[in-house]
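Presented as structure tokens, the chain that follows is alone, the form predicted on its own.
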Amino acid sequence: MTDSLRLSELRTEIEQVTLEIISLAGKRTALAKEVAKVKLSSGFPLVNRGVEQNLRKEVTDQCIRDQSDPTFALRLLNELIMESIRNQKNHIKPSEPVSAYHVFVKAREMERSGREVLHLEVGEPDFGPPDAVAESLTKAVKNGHAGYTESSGIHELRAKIAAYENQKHDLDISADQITITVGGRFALYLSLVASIRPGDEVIVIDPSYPAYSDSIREIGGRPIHLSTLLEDNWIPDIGLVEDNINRTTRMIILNSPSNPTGKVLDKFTLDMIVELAVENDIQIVSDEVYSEFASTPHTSMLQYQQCRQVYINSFSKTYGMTGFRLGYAISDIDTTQRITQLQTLTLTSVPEFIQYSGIKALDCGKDADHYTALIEKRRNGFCKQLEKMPVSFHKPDGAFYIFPMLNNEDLNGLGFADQLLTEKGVAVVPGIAYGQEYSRFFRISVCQPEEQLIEAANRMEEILG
């Protein structure tokens, strides 16, 4: 038999197998729709990790018998599961989108109609950038720093960030390990795209910043949400983390201090998570944009150099530079080059004059210390106000936020937030935006002047009693 004839036969066989796979996938989708109807009528949850784990074991065993790659098969299984979940969701009446942004939009609409609104929904500090930063921006433009730069960012800024982090954590990070990004959020997105393939799983600790799971799904990954509890002081269950690690687990996302709880992960918890990550060759993405606002000891993921990681930070919160859109990612050389390559494809670089303002910001330590003390004072003051209300919460360890739970089981965060905004002109974010388990919670941002926070608390108490 000639090679060309053999090749033709193999192609025909591949075509037949492919069509059979497509036919079976269609049958599986039809079954998933039937499952959705039963779940909807019976009130069963969309996701059952126990059922998935059994199926995962059967797939792995089948691969062993067939001497095929179980990792690829399990990624394919995740794709099928995600498609089933999407089909099941199609049978559920779509809910109104809930996030800090959507609440903010509604609040702005009220303001345009003449209503006064106190904004406790967005994590945007009112203090703005230090004067020296604003001046450096104008100076940079006048000096001609308004052109293209290398996609990783100008060397002067990367070197200064490296020196800053090295001094803070006693490390030896090089400028080549740093990519300057358009805010911390884009650093997160680039980190995910650099490492996640369709069908990969990413462990997310809830309650969590919604952009984590939204970004994971957007690139074809699957977020695995692990809940933490108020009664456990928002400490993750390490056993639960371990139980949810499998061959397709590619990444764990950590956020300390947390948005929305303000929780700072203690060193023991981080030690345990890092140990699991190293044992299973899992990358950790550590979002530490609120690290300067920690009021309890904060351990950075940068201190765990034995672990594959991407460290993310931003100038937005620490220096009041939200509109500058200036952040950065630190990782190993290979990952940094991949992140930089992706940034090259999408937007070339952060504007040059913005990068020069970042250099100046790193000299404004006294301003940052003042901002940190101001936010801590506001957090503490609002917590005292909340102690008089029928809510339960843990005093935050850091960040801009407080995440109370309504004690009245007949109330939910969504209804309360809507009533508070509509009747009292105070905008907060319903807790369900940060995870399905948190329907009785709401998030408060303490980024407004103290007198506005006191007034907002008084209006809140008028509703809660």
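Residues carry their position along the shown sequence, with the first being 1. Source: prediction; values computed, not measured.
There is another form of the same protein, the form predicted in complex with a small molecule; it is not shown, and what comes next is about it.
Original post:
Using a 4.5 Å cut on heavy atoms, which of 130, 351, 153, 183 is close to the small molecule in the model of the complex?
Top reply: Answer to the contact question: 183.
Original post:
Which one, 289, 241, 285, 264, lies within 4.5 Å of the small molecule in the model of the complex by heavy atoms?
Top reply: Checked against the cut-off, the match is 289.
Subject >> Options 164-172, 197-205, 271-279, 310-318; stretch whose heavy atom lies within 4.5 Å of the small molecule in the model of the complex >> reply: Partner-contacting stretch among the options: 310-318.
Original post:
How about residue 259: is it within 4.5 Å of the small molecule in the model of the complex, going by heavy atoms?
Top reply: Yes.
**OP:** Give a yes/no on whether residue 401 approaches the small molecule to within 4.5 Å in the model of the complex, heavy atoms considered.
**Re:** Within the cut-off, so yes.
**OP:** Could you confirm whether residue 325 comes within 4.5 Å of the small molecule in the model of the complex, counting heavy atoms only?
**Re:** Yes, residue 325 is a contact residue.
Original post:
Does any heavy atom of residue 355 come within 4.5 Å of a heavy atom of the small molecule in the model of the complex?
Top reply: Residue 355: no, not in contact with the small molecule in the model of the complex.
Original post:
in the model of the complex, does each residue in the set 416, 439 and 441 place a non-hydrogen atom within 4.5 angstroms of the small molecule?
Top reply: No, the candidate spot makes no contact with the small molecule.
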